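Below you'll find only one chain, the form predicted alone, shown as structure tokens.
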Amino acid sequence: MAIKIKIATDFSKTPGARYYTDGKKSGQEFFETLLDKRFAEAQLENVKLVVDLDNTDGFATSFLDEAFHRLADKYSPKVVLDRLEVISNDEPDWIEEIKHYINQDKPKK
């Protein structure tokens, strides 16, 4: 069993940029309204969270960075990598890019 998010149908076929201030369907909105909640559910149920990136019009790197790096900041890179599965048949390179965002350290503000 797994909890699934198909971004194209559960969030938007046309994801936006990083922040709400950048426009509609931002990475910030995705994290705050969907990704964080579903990840917490997967943690509680001890199942994988499967995020399917396919069938969208593409992603700004800032969207992916915002959503997945925030997830790692909240739960830790190891916890996220153990629990998360990303599907991206349309653009397989996005999987490695997301892993990079999960593992990267950001300077503290």
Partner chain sequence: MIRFIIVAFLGGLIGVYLCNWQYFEFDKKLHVAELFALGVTSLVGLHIAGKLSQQQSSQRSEKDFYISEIKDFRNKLMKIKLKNDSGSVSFPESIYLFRDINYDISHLEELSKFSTFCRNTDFKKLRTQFVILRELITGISPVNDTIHIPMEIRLKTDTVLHNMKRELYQIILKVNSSK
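Numbering follows the first chain given and starts at 1. All of these numbers come straight from a predicted model, not from anything done at the bench.
The discussion below concerns the form predicted together with the partner chain, not included here.
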Query raised in the report: Is A17 one of the residues lying within 4.5 Å of the partner chain in the predicted complex, judged by heavy atom distances?
Result: yes
Query raised in the report: Is A60 close enough to the partner chain in the predicted complex to count, meaning some heavy atom within 4.5 Å?
Result: yes
Query raised in the report: Is there a heavy atom of T56 no more than 4.5 Å from a heavy atom of the partner chain in the predicted complex?
Result: yes
Query raised in the report: Wondering, does D10 line up within 4.5 Å of the partner chain in the predicted complex on heavy atoms?
Result: no
Query raised in the report: Looking at 75-83, 31-39, 61-69, 44-52, which lies within 4.5 angstroms of the partner chain in the predicted complex, counting heavy atoms?
Result: 61-69
Requested in this report: Pull the contact list for 86-104: residues with a heavy atom within 4.5 Å of the partner chain in the predicted complex, in sequence order.
Outcome: D90, E91, D93, W94, E97
